[in-house]
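In C-alpha cells, the next block holds one chain alone, the form predicted on its own.
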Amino acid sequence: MRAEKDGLHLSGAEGIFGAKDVQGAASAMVERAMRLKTRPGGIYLSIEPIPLKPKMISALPVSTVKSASVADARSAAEVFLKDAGISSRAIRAALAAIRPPAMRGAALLCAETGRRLDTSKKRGVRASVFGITPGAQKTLQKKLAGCGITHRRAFEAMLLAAKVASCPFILAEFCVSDDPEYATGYVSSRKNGYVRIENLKPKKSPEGGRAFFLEKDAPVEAVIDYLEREPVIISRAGRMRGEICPL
C-alpha cells in the first residue's frame, strides 16, 4: 500500500500473507492510510502472487543509542557505519541523500567511494517483498515492548532492515525517517545488528531517507533484483541488546 498527496509520499506498508489473510490485510492497510493526519490524495493498493518460495531469515539484534543532540547522534551513526566498513566519503554521500525532498526508495552507494550506483535518482531502490510469520511478529513485538519500543515505524523498519542485511553484498544501511514527528533513525548491518539512534535529525524536520552501502565491485543489478523481487520472510525474532554507548 502507498498513500500520497500532491506527489509526496505519506505512508506505505506491505507484507506477505496466505490467501485467506489477504482481504483482511488489505483492508487494514487502507484503513491505516485513511487515519493519517494528512488526508491522502491517493491510496494505491497492489496485490500480487509470489512465484518463488520465500527465503526464511531472522530479525537483527536490536540496540539503542540515547543521544542528546543531532551532532551526537550523527557521530554515533558514523561510528557504527565505519565499523561496518563504510568510508567517510560514503557517509557524507548518505547524509546528502537524506535532504528533502525524500526519495521513495534508498540511495545505493558504493561503501568505498560513495558513488551513487542506482540510476533512478528520484525513486531510488526499494527493499520490498518481505513479511513476518505471526509467531515471530508476536515474539518480536513483545520483546520490543519490554524495552519500551512501541512505535509502529520502528517495528516495520526492523523488518525492512532484516531483508536488506540478508543481501550478502550490502555492508550496512543508514536511515532517517521523513516523518517530522519521528526523529529516531538507525544504522543496521550484519556485524552490529539494528542500532536505533535517537535525535538523528532536528525535531519537526521533514528531512529523511535511507542509503544502502554496497561492497566495491558488487553486482548492482543482482542486488537490486534481490532487494525488489526476492521474497523474504522473517521467521525468528532478534535478540534485544538494550542501550549501548559507542562514543
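Because the structure is predicted, anything quoted here is derived from the model rather than measured. Numbers for residues come from their place in the sequence shown, where the first is 1.
Keep in mind that the form predicted in complex with ligand PML is not shown, yet the notes after this line are about it.
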Only hit among A96, A154, L117, C147 for heavy atom within 4.5 Å of ligand PML in the predicted complex is A154
Within 4.5 Å of ligand PML in the predicted complex, counting heavy atoms only, one of 46-54, 193-201, 216-224, 32-40 shows up; tell me which. 193-201
Partner proximity in the predicted complex: S67 to ligand PML, non-hydrogen atom cutoff 4.5 Å: no
How about F212 - does it come within 4.5 Å of ligand PML in the predicted complex, if we only consider non-hydrogen atoms? no
Does any part of S189 reach within 4.5 Å of ligand PML in the predicted complex? Heavy atoms only, please. no
Does S166 reach ligand PML in the predicted complex, with heavy atoms at most 4.5 Å apart? no
